[in-house]
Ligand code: GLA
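One chain follows as structure tokens, the form predicted alone.
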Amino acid sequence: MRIGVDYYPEHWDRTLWTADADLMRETGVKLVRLAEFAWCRLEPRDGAFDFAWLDEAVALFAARGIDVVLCTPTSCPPMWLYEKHPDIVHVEKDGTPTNLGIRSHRCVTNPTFLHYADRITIEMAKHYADNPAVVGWQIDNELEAYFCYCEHCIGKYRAWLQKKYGTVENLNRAWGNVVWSGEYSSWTQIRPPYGSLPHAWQNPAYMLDFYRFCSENVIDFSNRQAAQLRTHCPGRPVTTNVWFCEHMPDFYNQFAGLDFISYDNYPATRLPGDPESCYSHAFHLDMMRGVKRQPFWIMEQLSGGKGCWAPMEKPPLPGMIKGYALQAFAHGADTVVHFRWRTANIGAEMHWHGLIDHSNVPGRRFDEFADMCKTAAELEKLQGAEIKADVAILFSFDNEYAFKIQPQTDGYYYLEQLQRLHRAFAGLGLNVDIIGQHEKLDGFRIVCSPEMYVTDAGVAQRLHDFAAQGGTVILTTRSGVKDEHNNALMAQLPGTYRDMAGVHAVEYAPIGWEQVPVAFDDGTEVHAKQWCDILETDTAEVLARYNGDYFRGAPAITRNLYGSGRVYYIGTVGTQPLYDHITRMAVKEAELSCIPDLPPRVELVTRTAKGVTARFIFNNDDQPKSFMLDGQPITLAPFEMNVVMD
């Protein structure tokens, strides 16, 4: 595992650079990320480029054996560019330009912006093409599926729709525009969803296409820069850094054109008291690994208390700096870059703390980071180690978007059942892959397909085939609800999955914050919340029934034999014990080896490389844990990672 730091030489007096580089080398830092927001220093005037200061910084690190990842600085155009071309500014949904002074306030479809973004990208790539210290590139910063309402985006949206549907008549039919007399007679009548109306008040088919369009917009921008970097600085891998933002682009399509995925990882520093909380970033990390089904990078890793857009948070507890970095490695990260080396003393992020505080005196967090660097060096033999999973969870950005467009009921969100199923299987010591719904299912024994809300015929067929050939499929409520346009299907739920589930819903009850008891046939009682499908069986057996409300006695959870496999149907959203109970049943029936007695909040991941099997055992809790594993006593301090190799 390589350890790196994010560094901003342009923020600091040159007298600090050498001391910083020396301390990085002494500590064990192997890589730095540079120039992320530095456009105003790289091109201080239109067409006048200054790479001398960056050359000096790169050479300083190279002389100490520290590799460099450079960033294209296009997230923050310089003020002279905004003054000269005010039309490049991102436009808000009320039609007004975004106020300047923060970052990412440019429109990534604007031709003028693209001209200047191309130019700085190409100039940087050409300048560093022969510099061996530059080992890779990061495109921009935390690209989102921006909702921009400028005239360029409006025109591009119309062209995108015209290419997809061919005629206005086809679009009207697909979107169901006859409702509220919304049929178009000309492409020029189509505009993005302006104004303050909630997305749920607008046509859901229209909204889903707009979400898809915004995702493709930023992917086009990302691919454009990647092509330029590969042309003018060949042989260096290209990535961009992502996070779980409000408007996520489709990561699977975004990274299809990039060399590896990188993720900005900021786990909670204050652990929730609610045992129901799915706070562990193990889910996020497994999803990042699953995007390309290969090792990934952490481009920004928690280093101190956060504070910028909100009041300052509690700093990382003792053990968190090291433990969370090793947690990332356990789940497939092979490079972890900490944000940031030193806490900024200028700008809005001066209270988003790095490894060294404003005092410039290394303290507790830095000492823990230094110790983690030593541990990372000891784990070098596991670089690139495989994570083989028997369990997969399918993720769909169409479903993520559709749930945001039309919230189902109070407290119900798309990710929850994915996270609860992940937590349940991980709690049994099983590796879990989170993969795109269009991925092949070969090699898995259990596939969880929660909330298959927007129906994709190809995905549905693969799930049918997987179960028929002996696999176990776990389906949940809100499956088979919509067609590919986000219109409701006229079929009893779970729609296209009914035959494999062997069950159908005669009614459903969105119960929001209420809870209803659910009793398994072995006497175990758990609770349903948010949503209850009131089921009747076709060929399935009943595993659990509702034990309250007007639908008391109705089936809630079923299991059906389909071909050589089994299909579970969870007709509700449950508290965590519901998923724990079902996963134990499924794992036992699939004859998977597991560890049923791991303490709560203890995570175990297994990696294999070159005949070595390593178990990463992590205590993701602020309380110590003691337990037996394979007959051996294990004691873990808060946030301690124990690596056991065979």
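All values derive from a computational prediction rather than experimental measurement. Residue numbers here begin at 1 and follow the sequence given.
A second form of this protein, the form predicted together with ligand GLA, is not displayed here; the remarks below concern that form.
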Report the residue, out of F255, F339, F369, F466, that has at least one non-hydrogen atom within 4.5 angstroms of ligand GLA in the model of the complex. F339
The one option of Q437, Q408, N141, Q202 with any heavy atom within 4.5 Å of ligand GLA in the model of the complex is N141
So which of 117 to 125, 484 to 492, 561 to 569, 264 to 272 is the stretch with heavy atoms within 4.5 Å of ligand GLA in the model of the complex? 264 to 272
Verify the contact flag for R103: yes if a non-hydrogen atom of it lies within 4.5 Å of a non-hydrogen atom of ligand GLA in the model of the complex, no if not. yes
Partner proximity in the model of the complex: D390 to ligand GLA, non-hydrogen atom cutoff 4.5 Å: no
Contact with ligand GLA in the model of the complex for W352, defined as at least one heavy atom pair within 4.5 Å: yes or no? yes
With the cut-off set at 4.5 Å between non-hydrogen atoms, does F37 touch ligand GLA in the model of the complex? yes
E43, W80 and N110 - do all three of these have some heavy atom no more than 4.5 Å from ligand GLA in the model of the complex? no
